[in-house]
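So this first bit is one chain, no partners, the form predicted on its own, shown in structure tokens.
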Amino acid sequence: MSILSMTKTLFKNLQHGPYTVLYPIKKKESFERTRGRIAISIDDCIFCSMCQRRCPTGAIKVDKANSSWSIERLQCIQCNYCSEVCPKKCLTMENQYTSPSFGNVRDEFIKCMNTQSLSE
């Protein structure tokens, strides 16, 4: 009896097709309030490191001396605490996800300073 019910289930699944979406090829629609990933406007950042202190997983690193900001994308849990505490509101939550990868994804942003040299 179990072979007949298993065969019935097998044919039913073959007729229906996949229940899931082939993620990298077909992207699922995102909703308005989807939390995807943190984005930064590096030109507005003052490198106060409040986002680094507020991050519960330690995914954000701020280096004020080198004017750099970095995030480990796979450590980030999309809690949005960093963008809530940012005094300049340069951190925002985007509506897209980090692309799948095999290793750690570390995005680093460095603020370019325009320096003028004085020559006499």
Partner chain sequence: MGKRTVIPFGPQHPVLPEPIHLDLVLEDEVVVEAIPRIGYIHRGLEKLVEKKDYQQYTYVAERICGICSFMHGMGYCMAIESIMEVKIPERAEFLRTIWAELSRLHSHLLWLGLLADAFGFESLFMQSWKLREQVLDIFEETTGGRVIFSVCDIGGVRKDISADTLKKIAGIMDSMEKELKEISEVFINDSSVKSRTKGVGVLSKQAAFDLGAVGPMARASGIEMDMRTQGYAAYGKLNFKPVVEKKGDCYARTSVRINEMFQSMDLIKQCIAIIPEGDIKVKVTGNPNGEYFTRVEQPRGEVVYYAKANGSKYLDRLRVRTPTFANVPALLETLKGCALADVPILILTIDPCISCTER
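Numbering follows the first chain given and starts at 1. Here, rigid core means the biggest group of C-alpha atoms that superpose within 1.5 Å across both forms. This structure is a prediction, so every number in the text was calculated from the model and none was measured.
There is another form of this protein, the form predicted in complex with its partner chain, and it is not shown here; the text below is about that form.
Within 4.5 Å of some heavy atom of its partner chain in the predicted complex lies at least one heavy atom of Y81.
Residue contact check for L10: one or more of its heavy atoms lie within 4.5 Å of its partner chain in the predicted complex. In the predicted complex, at least one heavy atom of R35 sits within 4.5 Å of its partner chain. In the predicted complex, its partner chain stays beyond 4.5 Å of every heavy atom belonging to C48.
Once the cores line up, the CA of T9 ends up 2 angstroms or more apart between this form and the one not shown. After superposing the rigid core, the Cα of T20 is displaced by 2 Å or more between this form and the one not shown.
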